[in-house]
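Presented as structure tokens, the chain that follows is alone, the form predicted alone.
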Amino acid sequence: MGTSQVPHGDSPADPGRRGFINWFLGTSIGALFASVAYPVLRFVSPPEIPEASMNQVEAGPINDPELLEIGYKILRFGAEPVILIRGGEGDFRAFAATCTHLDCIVEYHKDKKRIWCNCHNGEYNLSGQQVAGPPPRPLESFKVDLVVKAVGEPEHIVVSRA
């Protein structure tokens, strides 16, 4: 008496059947949890896409049908949207296309000659200054250059940081 009996297969040196079942269930539950949690975590936190560092963007020729018809065009300056406006013959202006109020994308009303944010009816003039609505700051302006690429072709619009 006084000696404890260790059931067969439960000693640390010989894990036995019970030890194997515990190990198998533990790793199976862990694998199941990982197979469910990993896709959910990847969906919730999308991968970071590094922003390309750009100093200028070519917006196309000055006779772009979109610019001639509706008077503006939205460009991508890296991840940042930029609105290019054709104010008149040879008059091109570019501004950040996100409203300074809540970052909605703005559009240009050719008939009113105003940049308009449809989220809260904010308005900017053609200098990018806020004139109506809740926007607290003017739009960031960009520099617009007209570049001749080849003789006989229309000039191309190049937008760069001011």
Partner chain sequence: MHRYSVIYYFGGMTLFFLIVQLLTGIMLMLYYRPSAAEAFESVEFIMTVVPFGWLIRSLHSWSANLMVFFAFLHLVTVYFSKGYRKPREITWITGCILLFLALAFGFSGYLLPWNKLAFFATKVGTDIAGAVPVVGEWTLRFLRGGDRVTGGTLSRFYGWHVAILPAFLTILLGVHLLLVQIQGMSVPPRAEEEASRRRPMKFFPNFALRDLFGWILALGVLVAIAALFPWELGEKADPFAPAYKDIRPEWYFMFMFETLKFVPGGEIFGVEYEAIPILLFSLGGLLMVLVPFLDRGIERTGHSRAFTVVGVVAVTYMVGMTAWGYRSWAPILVVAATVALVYVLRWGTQRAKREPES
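Because the structure is predicted, anything quoted here is derived from the model rather than measured. Positions refer to the first chain, counted from 1. Each form is matched to the other, and the largest set of C-alpha atoms that superpose within 1.5 Å is called the rigid core.
Beyond the structure shown, there is the form predicted together with its partner chain, which is absent from this document and is the topic of what follows.
- Looking at Ala34, you'd find every heavy atom of it more than 4.5 angstroms from its partner chain in the predicted complex.
- When contacts are judged by a 4.5 Å heavy atom cut-off, Pro136 does not count as touching its partner chain in the predicted complex.
- Contact check for Pro46: a heavy atom falls within 4.5 Å of its partner chain in the predicted complex.
- Though the partner is left out of this view, Pro39 does reach within 4.5 Å of its partner chain in the predicted complex, counting heavy atoms only.
- Once both forms are fitted on their rigid core, the CA atom of Ser35 lies 2 Å or more apart between the shown form and the other one.
- Taking 2 Å as the criterion, Leu25 counts as shifted between the shown form and the other one: its C-alpha moves by at least this amount when the rigid core is aligned.
- Core-superposed comparison between the shown form and the other one: the CA of Leu68 stays below a 2 Å shift.
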